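One chain is shown next in structure tokens, namely the form predicted alone.
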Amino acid sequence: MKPLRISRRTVLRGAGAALALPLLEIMQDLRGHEDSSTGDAVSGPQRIAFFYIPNGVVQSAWNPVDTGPHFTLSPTLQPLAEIREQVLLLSNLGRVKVAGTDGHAQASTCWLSSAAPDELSPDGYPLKRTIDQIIADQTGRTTAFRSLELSCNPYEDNKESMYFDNISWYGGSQVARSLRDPQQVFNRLFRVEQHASSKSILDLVSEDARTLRPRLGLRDRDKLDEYTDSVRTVEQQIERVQQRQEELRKFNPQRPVKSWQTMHRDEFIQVMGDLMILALQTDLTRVATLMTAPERWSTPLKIEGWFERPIEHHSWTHDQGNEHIRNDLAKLDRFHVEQFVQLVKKMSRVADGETTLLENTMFLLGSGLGSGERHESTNLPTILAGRAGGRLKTGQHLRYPRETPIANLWLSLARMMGVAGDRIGDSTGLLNDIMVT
């Protein structure tokens, strides 16, 4: 008998909704490959995601003193202890800061840029198509969304231009604008219409799921249950935030509060990270960017559970001669590393074919500034998690000669994602020591 098989592109459908599915065994043929319509191996497709932190880091608390597989974790990087075998730490990668434009705007806007220092946009930035979009040109041919751009910006005062709150660009003047409302992101990914009679996308597609379930083996049923549980968890998080929003409105009915503004910082980053993971897991996209906060914004920001008062991240970076402020900044850097680690651990628990989502992903934490104190763009903080399907040599710290172009890393990542080409921006070659030969 011919075994039952369904396409990798199968979705659960309901009234106004379509829920993509993770990679199931029923999508693979007897040789262990996916349905031939995609051509991806049983291990799942390769993905790449970028986790951006603004304003650089406190270099003295960030940099490890030694290199190699047994490097000593610095104070800021202590949270990596749980996942150190899954991460690759890179030091001394940088980019050329071009005079004439704001250092912070250039940091976020040009961090992923494929432009060389002398390739300026009309506004004076060394800005061309960013590396995520170059990769999406390749991977987006077979996914519903070519890329996903997210931001955890809680502000509504609009103090800064788009250059401070976007890291993904189609070109020198065309921004891939980031989304910052979790409900909007969820609706976009799963095409949910507003239904007064149903609170969950899972309710909308329940009949389709009931029909599919008898066709699945035990492992696929478990995987489907695990996946729908993760979808429900995200929905419940968003629902709780919406409930909190209604409570706040009772106290200040003249000033509506948008849902993302009621979230704690860690909650906001994690729910956006969960949405990103869902999009990658279901192969809705293979390229994503997530900004933890915008560059430079001087409006005080609450970091609940870490600081008693709202912090001023940008102004603090210029007062690092004050030991107390420098220590607080390092504490904030560690907060961001902890958020990154939590998302990495979540990826490691998501099954992807015969391996995990983390195994098939390159998830990079970084910033467009090494230090915000002097707007330095050398020694950019750079951590890579995941193994790119076995292509990355993780579990080590590599320190390159100073001013090695970070474009060398972008070129290497693009190559591992199947993008042809020998140069990106001011790259001088591949980082061969990060790749398994």
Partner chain sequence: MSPPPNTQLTSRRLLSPPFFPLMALGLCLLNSRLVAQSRFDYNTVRGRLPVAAATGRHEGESDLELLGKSRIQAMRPYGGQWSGGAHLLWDGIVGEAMHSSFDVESAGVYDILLRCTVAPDYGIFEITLDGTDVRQSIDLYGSQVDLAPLLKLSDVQLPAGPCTIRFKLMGAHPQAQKFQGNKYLMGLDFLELVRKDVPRVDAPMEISAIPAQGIAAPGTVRKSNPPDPVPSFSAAEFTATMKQFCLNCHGKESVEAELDLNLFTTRESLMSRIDTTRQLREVIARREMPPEDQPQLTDRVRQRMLATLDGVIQDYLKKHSSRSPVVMRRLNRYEYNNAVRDLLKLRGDIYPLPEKTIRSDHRYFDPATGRFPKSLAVSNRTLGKEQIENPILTGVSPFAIDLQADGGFNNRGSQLSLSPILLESFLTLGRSILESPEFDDYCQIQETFFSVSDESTSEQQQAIARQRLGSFLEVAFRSPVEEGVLNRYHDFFSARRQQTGSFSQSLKEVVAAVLASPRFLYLCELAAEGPESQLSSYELATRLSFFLWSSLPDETLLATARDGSLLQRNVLDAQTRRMLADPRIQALSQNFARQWLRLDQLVTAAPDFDRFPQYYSRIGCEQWKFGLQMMIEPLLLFESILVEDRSIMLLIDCNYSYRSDELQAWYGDVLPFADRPNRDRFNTFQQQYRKRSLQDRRQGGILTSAATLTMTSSPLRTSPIARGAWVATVIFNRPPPPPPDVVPPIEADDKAIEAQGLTLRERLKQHQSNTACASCHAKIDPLGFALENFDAIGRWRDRYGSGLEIDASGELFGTMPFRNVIELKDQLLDHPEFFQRAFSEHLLSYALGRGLELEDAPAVDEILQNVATDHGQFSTVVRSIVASTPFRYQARSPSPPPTPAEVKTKP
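Here, rigid core means the biggest group of C-alpha atoms that superpose within 1.5 Å across both forms. What you see is a predicted model, and the numbers here were worked out from it, not measured in a lab. Positions refer to the first chain, counted from 1.
The discussion below concerns the form predicted in complex with the partner chain, not included here.
Only one listed stretch (360-368, 124-132, 88-96, 74-82) carries heavy atoms within 4.5 Å of the partner chain in the predicted bound form, and that stretch is 124-132.
Within 4.5 Å of any heavy atom of the partner chain in the predicted bound form lies no heavy atom of residue 266.
Shown alone here, residue 278 lies farther than 4.5 Å from the partner chain in the predicted bound form, counting heavy atoms only. Among residues of the shown chain, residue 346 is not one whose heavy atoms approach the partner chain to within 4.5 Å in the predicted bound form. The closest heavy atom approach of residue 220 to the partner chain in the predicted bound form falls within 4.5 Å. Comment: the partner chain is not present in this chain, but in the predicted bound form one of 329, 293, 350, 201 has a heavy atom within 4.5 Å of it, namely 201. Interface residue among 246, 304, 225, 354 relative to the partner chain in the predicted bound form, by the heavy atom within 4.5 Å criterion: 225. No member of the trio 282, 334 and 416 reaches the partner chain in the predicted bound form with any non-hydrogen atom inside 4.5 Å. Heavy atoms closer than or equal to 4.5 Å to the partner chain in the predicted bound form belong, across 201-239, to the residues 201, 202, 204, 205, 207, 208, 209, 211, 212, 215, 216, 217, 218, 219, 220, 223, 224, 225, 226, 227, 229, 230, 231, 232, 233, 234, 237, ordered by sequence position. The Cα position of residue 71 differs by less than 2 Å between this form and the one not shown after fitting on the rigid core. Core-superposed comparison between this form and the one not shown: CA of residue 267 displaced by less than 2 Å.
Once both forms are fitted on their rigid core, the CA atom of residue 237 lies 2 Å or more apart between this form and the one not shown. In the predicted bound form, the CA atoms of residue 282 and residue 238 draw together by 3 angstroms or more relative to this form. If you compare C-alpha positions, residue 149 and residue 236 are 3 angstroms or more closer together in the predicted bound form than in the form on display.
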